[in-house]
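One chain follows as structure tokens, the form predicted alone.
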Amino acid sequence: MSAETLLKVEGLGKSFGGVMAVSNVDFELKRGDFLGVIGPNGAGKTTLVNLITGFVKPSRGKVIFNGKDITGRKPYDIANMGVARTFQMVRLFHNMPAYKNLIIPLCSQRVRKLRGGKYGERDDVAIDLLDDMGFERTSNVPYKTAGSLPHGYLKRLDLARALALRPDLLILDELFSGMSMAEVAGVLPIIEKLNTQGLTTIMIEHRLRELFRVVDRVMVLNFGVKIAEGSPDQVMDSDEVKKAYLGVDVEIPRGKPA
């Protein structure tokens, strides 16, 4: 691994009952990269994320993060090393106020170490983070129970919780899933800001037009196999991608607008 390489996945694979959910996947992320991962339902995208973040142990292969082998380590160990993620189906403390959902990552070993052992006023930090996510701090929204919030706010809260860990690598698993066009339009500037700040990111998404606005390159999975990797335009020009993922008669979205 070069000094700039943050994540290296080597021959990663996982089988469930003889079915290969992920098969011999290789890719590498430099610091500051923004990688989109696409593919049809059942392509192995979330399984790949679960393998990287320790929620599933691989059948074969390695995951090297920041020069260390993290293959098969516990999720909390990997999180404390600087890998944070969101979930396709948000996993929040629904009976707690929204801002209180950020207290656990703000109390983590990682954040304590980065802050020199000093937590500071965690409630204030949580409110600041939610304000950045579009929770109006002057309203009562950050103080409402998470379960009472609309879906779009739950997705923002899940993102805020991941960012509270102050990660080196952020993984977004279908952040836009279930969101309206207006909600997506409200979140996109936040993602673009993270990109310009240089946060290394992997983003799984089915909404390709929105995804291609922010990513540097795209990796395509189909039946657990990587079938293409490159810029959005390069990937969408692949006949194999058109056939396996989009279908030959589908209008192909293009990359970032000029």
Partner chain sequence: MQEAEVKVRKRRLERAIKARTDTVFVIASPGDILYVLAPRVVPMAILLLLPLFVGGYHSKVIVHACVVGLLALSWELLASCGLFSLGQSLFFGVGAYMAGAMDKYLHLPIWVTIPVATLGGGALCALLLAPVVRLRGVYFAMVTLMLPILFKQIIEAWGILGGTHGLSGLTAFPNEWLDKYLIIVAFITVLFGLRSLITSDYGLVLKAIADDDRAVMSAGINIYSRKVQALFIAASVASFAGAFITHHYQFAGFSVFALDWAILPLAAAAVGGTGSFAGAALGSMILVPLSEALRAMGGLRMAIYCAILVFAVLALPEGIFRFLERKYQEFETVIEVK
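Numbering follows the first chain given and starts at 1. Just so you know, these numbers come straight off a predicted model, no measurement behind them.
Although it is not shown, the form predicted in complex with its partner chain is what the next lines describe.
- Stretch 89 to 97 is the contacting one of 183 to 191, 89 to 97, 149 to 157, 169 to 177, since its residues have non-hydrogen atoms within 4.5 Å of its partner chain in the model of the complex.
- Residue contact with its partner chain in the model of the complex: Lys113 places no heavy atom within 4.5 Å of it.
- Residue contact check for Phe223: none of its heavy atoms lie within 4.5 Å of its partner chain in the model of the complex.
- Residue contact check for Pro75: one or more of its heavy atoms lie within 4.5 Å of its partner chain in the model of the complex.
- Using a 4.5 Å cutoff between non-hydrogen atoms, Leu129 does not count as a contact of its partner chain in the model of the complex.
- Contact with its partner chain in the model of the complex, defined as a heavy atom within 4.5 Å, is made by none of Val19, Phe27 and Lys62.
- Shown without its partner, the chain has Arg161, Leu165 in segment 146 to 172 as residues with a non-hydrogen atom within 4.5 angstroms of its partner chain in the model of the complex.
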